[in-house]
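One chain is shown next in structure tokens, namely the form predicted on its own.
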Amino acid sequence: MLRKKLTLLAACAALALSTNVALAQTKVLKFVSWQKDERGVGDWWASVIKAFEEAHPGVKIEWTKVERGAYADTMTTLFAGGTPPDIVHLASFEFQKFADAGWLDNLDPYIKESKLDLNGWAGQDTCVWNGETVCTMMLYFGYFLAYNDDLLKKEGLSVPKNYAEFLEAAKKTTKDTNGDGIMDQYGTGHETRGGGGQYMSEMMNYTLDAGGRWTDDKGKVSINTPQMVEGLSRWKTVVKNSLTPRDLSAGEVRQLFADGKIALKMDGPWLWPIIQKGKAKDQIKTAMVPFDPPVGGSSNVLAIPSDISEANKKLVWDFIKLATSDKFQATYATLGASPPPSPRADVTAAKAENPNFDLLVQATQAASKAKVDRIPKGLEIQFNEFSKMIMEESQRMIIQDLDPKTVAATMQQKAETLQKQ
């Protein structure tokens, strides 16, 4: 009996030793993202991770989610503390601070050695910082128009083709449908609660169509112009007259539209999967936005931290190469329901699954051709502070009923001050 116990203990010890050795031989790459649980794009990331691990035996990716609202602060803390994730995933409006601090590696040598072709890659120019490529763009988008055909037809309206027609349609479809004195159907829908970046993007539907830009091609602040004043006036008209629900998040507004409570919604490709699960999905149709150019811009990037081992850098580059490969750019189109940045991606399957895919491509190309981006040139480093200021001054304009001309002058002065910091 004693001999059997000793034999069993020896076997357990050997198993534990072999397990510890196996664990010691497993290399772990840390990957932090806010998109882990997102329908579609989260599935795509999971597929890339699976393929990477299969191609690299003994290497595992530890994938952790951090909420979008706390993301920039969390990543800053990790980098400042010398413990950055190996695979760096950042929004395209926040990577600049990390690059400026020297925290992101120069990808040009990797690109050259691997012969990665980024010609025509949508939004890739945004990833060049101080003359070096510090990231790869993972999404550039353009807004399209989704509309509730039933709500428009009830008012004898056709699909709007310009701002005047859009405003008329928004006014006629904003209603108290049950007679309780409270609006419960809206002409359009914009997020008016949340971060400055999204708030500013919603406003840009109107400022871009009016010909306004936050900065010019050289990065000089250009807010105090007749075009921007007109754009701000349009935004004030829509929000102050409650043609959009107020104090709702982007997700809440999208759900209201999908459920038939909003007539017109301008948004990116991520709106389509939400529509498919809504109560009004059979009433909703799509078209190009009635504004020119459409809102568009870069979304998120992949990068390599400068402060990790060379071995890990090579592995992370392998991950980036996989994510940017023709195969996974094609599956991004299907799983992510969005036009991929690669001009070579085969989107045949995506077109078969999504009847609006050609429209998404058209909107993306229109925004890209007009060089539209949510991140104003010359204010990249100050973007968070700038977008917060724009939101606060716009809210003040609406609450205090201020003249948009005065507001534009205030924004100009504050933006110039930020730019000099």
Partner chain sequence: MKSRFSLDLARPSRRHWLGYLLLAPAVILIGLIIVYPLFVSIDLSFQNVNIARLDQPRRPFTIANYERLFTSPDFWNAVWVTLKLVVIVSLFCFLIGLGTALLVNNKFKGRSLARLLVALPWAIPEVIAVVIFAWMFDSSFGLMNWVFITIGLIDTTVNWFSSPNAAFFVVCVTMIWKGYPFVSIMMLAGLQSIPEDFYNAARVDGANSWQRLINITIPSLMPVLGVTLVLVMLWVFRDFSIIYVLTGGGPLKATQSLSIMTYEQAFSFFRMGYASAIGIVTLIVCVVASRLMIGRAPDNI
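Keep in mind that what you see is a predicted model, and the values were worked out from it rather than measured. Numbering follows the first chain given and starts at 1.
In what follows, reference is made to the form predicted in complex with the partner chain, a form of this protein that is not presented.
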Decide whether residue 57 counts as a contact residue for the partner chain in the predicted bound form under a heavy atom distance cut-off of 4.5 Å. no
Contact of residue 69 with the partner chain in the predicted bound form (heavy atom, 4.5 Å): yes
Any of the heavy atoms of residue 236 lying within 4.5 Å of the partner chain in the predicted bound form? no
Residue-level question: is residue 281 within 4.5 Å of the partner chain in the predicted bound form, judged on heavy atoms? no
For the interface check, one of 379-387, 354-362, 49-57, 30-38 should have non-hydrogen atoms within 4.5 Å of the partner chain in the predicted bound form; which one? 379-387
Just to confirm, with a 4.5 Å cut-off on non-hydrogen atoms, which of 322, 128, 183, 159 contacts the partner chain in the predicted bound form? 183
I need to confirm a contact call. Of 345, 248, 91, 170, which residue comes within 4.5 Å of the partner chain in the predicted bound form, counting heavy atoms only? 248
Of 381-400, which residues get within 4.5 Å of the partner chain in the predicted bound form if you count heavy atoms? 384, 385, 388, 392, 395, 396, 399, 400
